[in-house]
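What follows is one chain in structure tokens, specifically the form predicted on its own.
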Amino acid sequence: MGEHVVVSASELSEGDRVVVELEGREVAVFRLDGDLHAYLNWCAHQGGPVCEGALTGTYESSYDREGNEVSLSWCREGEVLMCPWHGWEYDALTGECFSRRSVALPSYPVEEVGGDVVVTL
């Protein structure tokens, strides 16, 4: 295991990401909701560069049985990571895939150390 400085903490603002190569792997670091998250830039579907995809939101639905009405609401803006190749979507805060609950992006420990963002592989 090795620690790698990927960027100065001041260069990674809320909602930003950076993709770097570490030990022959592309790793993306995100700052979301004040926390850092590091994932392998590899979609479980067909190996696409998932971490270069759009950060978007999703719809949540609810159903009112008495009124027989369905309502949709947009939520989680900036927390849904969508692979640019085929649209597989992942929770950017946990790495879990929305359509395949047993699938998650490989993740790495990441923290701020002395003003730098450090990923451990």
Partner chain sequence: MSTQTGRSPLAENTVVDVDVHLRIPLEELADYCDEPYRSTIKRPTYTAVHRSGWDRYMGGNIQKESLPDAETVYRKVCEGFDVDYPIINAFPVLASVPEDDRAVNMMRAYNDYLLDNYLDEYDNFRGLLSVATQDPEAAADEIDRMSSEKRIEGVYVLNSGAHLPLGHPDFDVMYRAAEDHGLHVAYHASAGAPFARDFPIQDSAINRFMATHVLAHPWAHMLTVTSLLVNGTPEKFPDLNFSFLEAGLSWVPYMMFRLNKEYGMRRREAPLLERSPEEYIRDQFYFASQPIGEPNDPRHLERILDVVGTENLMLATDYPHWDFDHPDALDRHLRQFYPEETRAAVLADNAVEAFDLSI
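Positions refer to the first chain, counted from 1. Here the rigid core means the biggest group of C-alpha atoms that line up within 1.5 Å when the two forms are laid on top of each other. Because the structure is predicted, anything quoted here is derived from the model rather than measured.
Just so you know, the form predicted together with the partner chain exists too; it's not on screen, but the next bit is about it.
S.K.: Each of 40, 47 and 85 having a non-hydrogen atom within 4.5 Å of the partner chain in the predicted complex: is that the case here?
M.R.: Contact check passed for all of 40, 47 and 85.
S.K.: Looking at heavy atoms inside 4.5 Å, which stretch does the partner chain contact in the predicted complex, given the options 49-57, 63-71, 90-98, 30-38?
M.R.: So the stretch in question is 49-57.
S.K.: Does any part of residue 79 reach within 4.5 Å of the partner chain in the predicted complex? Heavy atoms only, please.
M.R.: The answer is no: residue 79 has no heavy atom within 4.5 Å of the partner chain.
S.K.: Does residue 21 make contact with the partner chain in the predicted complex, using a 4.5 Å heavy atom cut-off?
M.R.: Judged by the heavy-atom cut-off of 4.5 Å, residue 21 is in contact with the partner chain in the predicted complex.
S.K.: Would you say whether residue 73 is displaced between this form and the one not shown, judging by a C-alpha shift of 2 Å or more on the superposed rigid core?
M.R.: Shift at residue 73: 2 Å or more after core fit.
S.K.: Taking the rigid core as reference, does the Cα of residue 60 move 2 Å or more between this form and the one not shown?
M.R.: Where the cores coincide, residue 60 still shows a C-alpha shift between this form and the one not shown that is 2 Å or more.
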